[in-house]
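Only one chain is included here, represented as structure tokens and corresponding to the form predicted on its own.
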Amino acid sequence: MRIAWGITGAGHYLSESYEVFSELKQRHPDLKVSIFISGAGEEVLKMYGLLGSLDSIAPGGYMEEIFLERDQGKSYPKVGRFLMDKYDHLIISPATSNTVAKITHGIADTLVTNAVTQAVKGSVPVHIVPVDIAGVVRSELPYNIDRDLCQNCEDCPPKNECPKQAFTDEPQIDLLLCDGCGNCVDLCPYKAIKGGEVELRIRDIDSRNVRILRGLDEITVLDEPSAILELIL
């Protein structure tokens, strides 16, 4: 079986999605997975420390590549595979509300939304895990500095030891530089660096777009990443 996995710029469900695909590969080493990553998806994967781990799922070679949007130009030539009967499934997990809105309105201006368009045209089943379905969700946060705990030390061990030089003078963590390694957490004597969760209320317009998505041809909405296991196994 050959699967295409699309990743967009959401932190919610990101770790869970990675764990699901890792389990799939462990159970079925012969499963081939290609990964299509949007521009925002690449940034968020770095923030959560997962970008460098994806090669355990897509190690390289034909039909096991990792495609970054920034490397694919404006025509996204690799999505042509969906018109050539190369994949059995396209799975988008996680899918941001922005991605869902674009798909429901026929917009294909990112690597992932273009992949969805070509997959539908090529009659490849598309399965999407939206992050904003309804109600309230709790989403994992990348590492940040708690300004109430930070003592703004002149000699800051986390800043001095950061391999990505992601600490600013304010102090803040530049999430576009941070790779989510987490070394800084133990280096701060005041425990001012942490991850955590945030409670998010889903907007009515995002819930409405998910309802529209459920009615589109060739597309199935999955409520959470664990449903991918049931689908594939």
Ligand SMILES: Cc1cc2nc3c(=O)[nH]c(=O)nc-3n(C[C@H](O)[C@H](O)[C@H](O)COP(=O)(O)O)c2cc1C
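One rule holds for the numbers: they count along the sequence shown, beginning at 1. All values derive from a computational prediction rather than experimental measurement.
Although it is not shown, the form predicted together with this ligand is what the next lines describe.
Visitor: Any of the heavy atoms of F167 lying within 4.5 Å of this ligand in the predicted bound form?
Guide: Outside the cut-off, so no.
Visitor: Answer for L24 alone: is it within 4.5 Å of this ligand in the predicted bound form, judged on heavy atom distances?
Guide: No, L24 stays farther than 4.5 Å from this ligand in the predicted bound form.
Visitor: Does T99 reach this ligand in the predicted bound form, with heavy atoms at most 4.5 Å apart?
Guide: Taking the distances in the predicted bound form, the answer for T99 is yes, it comes within 4.5 Å of this ligand.
Visitor: Any chance Y48 has a heavy atom within 4.5 Å of this ligand in the predicted bound form?
Guide: Heavy-atom contact with this ligand at 4.5 Å: present for Y48.
Visitor: Of C181, L68, M63, A40, which residue is found within 4.5 angstroms of this ligand in the predicted bound form when only non-hydrogen atoms are counted?
Guide: Exactly one residue meets the criterion: A40.
Visitor: Which residue, I57, I173, V44, I193, has a heavy atom that falls within 4.5 Å of this ligand in the predicted bound form?
Guide: When this ligand is considered in the predicted bound form, the option within 4.5 Å is V44.
Visitor: Residues in which of 115 to 123, 81 to 89, 152 to 160, 128 to 136 have heavy atoms within 4.5 Å of this ligand in the predicted bound form?
Guide: So the stretch in question is 128 to 136.
Visitor: Would you give me the residues of 1 to 19 that have any heavy atom within 4.5 Å of this ligand in the predicted bound form, in order from first to last?
Guide: Heavy-atom contacts within 4.5 Å come from T8, G9, A10, G11, H12.
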